[in-house]
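Just one chain is shown here, as structure tokens, and it is the form predicted alone.
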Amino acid sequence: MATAAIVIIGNEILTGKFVDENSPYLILRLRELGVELQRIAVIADDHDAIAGEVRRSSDAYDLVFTTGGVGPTHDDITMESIAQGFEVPLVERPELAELLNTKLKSRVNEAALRMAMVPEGSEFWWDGGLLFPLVVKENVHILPGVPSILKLKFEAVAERFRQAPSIHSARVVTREREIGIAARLEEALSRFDVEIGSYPRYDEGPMHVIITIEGRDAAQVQAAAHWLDDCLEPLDVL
């Protein structure tokens, strides 16, 4: 099972100017693809912070996804910081410079051409007819910060990350409290090859506990859900 880390880059997230939309999206999509997300870091637009976090994550996890800092402005420092983390130079790739010149024509300038600078040794993924490739340095996938563009790029390459078998899930809702159901949850874990989580809710109608069941064997997930459904008191109305 592939493991992953997400690195959200941007002062705008840390200062509350914008709400992070990218990690919630990536969390769900990676789960659907069967990838085990183990870390999310939100860091500032700082060369050393980006370089250190990306290199540590690259060494610790199978897949790393960075978001933000890949445009033409002064605070777009992700590419050079990742190059620093891998101890390679930032180089201009002629194919990207040519693409920018073709697309922008008379509007191309020094700022625009910054987007042709990538860490030495980077790969370009053009899946799904992308107009500008996804840049990949080793196991680090360098995504933009704009949510709509990030989603477009990720969906173009998503099947590259799919694990087999994928993760199946089910849920059971009970009106019982966690202290009363803990022993039965432990018994379910001993009976079935699944992961179980319990999440009490107090502000969405009557108090209730949502129990999630997940695993790679669909039959085991369904069997565990049926067993818990039979032995827990249901919530009649949400």
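Rigid core: the largest C-alpha set superposing within 1.5 Å between the two forms. This is a predicted model, so every value here is computed, not measured. Numbering starts at 1 and follows the sequence shown.
Form predicted in complex with another copy of the chain: not shown, discussed below.
Interface membership of Arg55, defined by any non-hydrogen atom within 4.5 Å of another copy of the chain in the predicted complex, is ruled out. The closest non-hydrogen atom of Lys17 lies within 4.5 Å of another copy of the chain in the predicted complex. Within this chain, Pro72 lines the site of another copy of the chain in the predicted complex, having a heavy atom no more than 4.5 Å away.
Another copy of the chain is not drawn, but in the predicted complex it has no heavy atom within 4.5 Å of Pro206. Checking 153 to 161, 107 to 115, 88 to 96, 132 to 140 against another copy of the chain in the predicted complex, the stretch whose residues place heavy atoms within 4.5 Å of it is 107 to 115. Residues are counted as partner-facing when one of their heavy atoms sits within 4.5 Å of another copy of the chain in the predicted complex; in 192 to 215 these are Ile196, Gly197, Ser198, Tyr199, Pro200, Arg201, Tyr202, Asp203, Ile210, Thr212, Glu214, in sequence order. Relative to the superposed rigid core, Thr174 undergoes a CA displacement of at least 2 Å between this form and the one not shown.
Core-aligned CA deviation for Arg201 between this form and the one not shown: 2 Å or greater.
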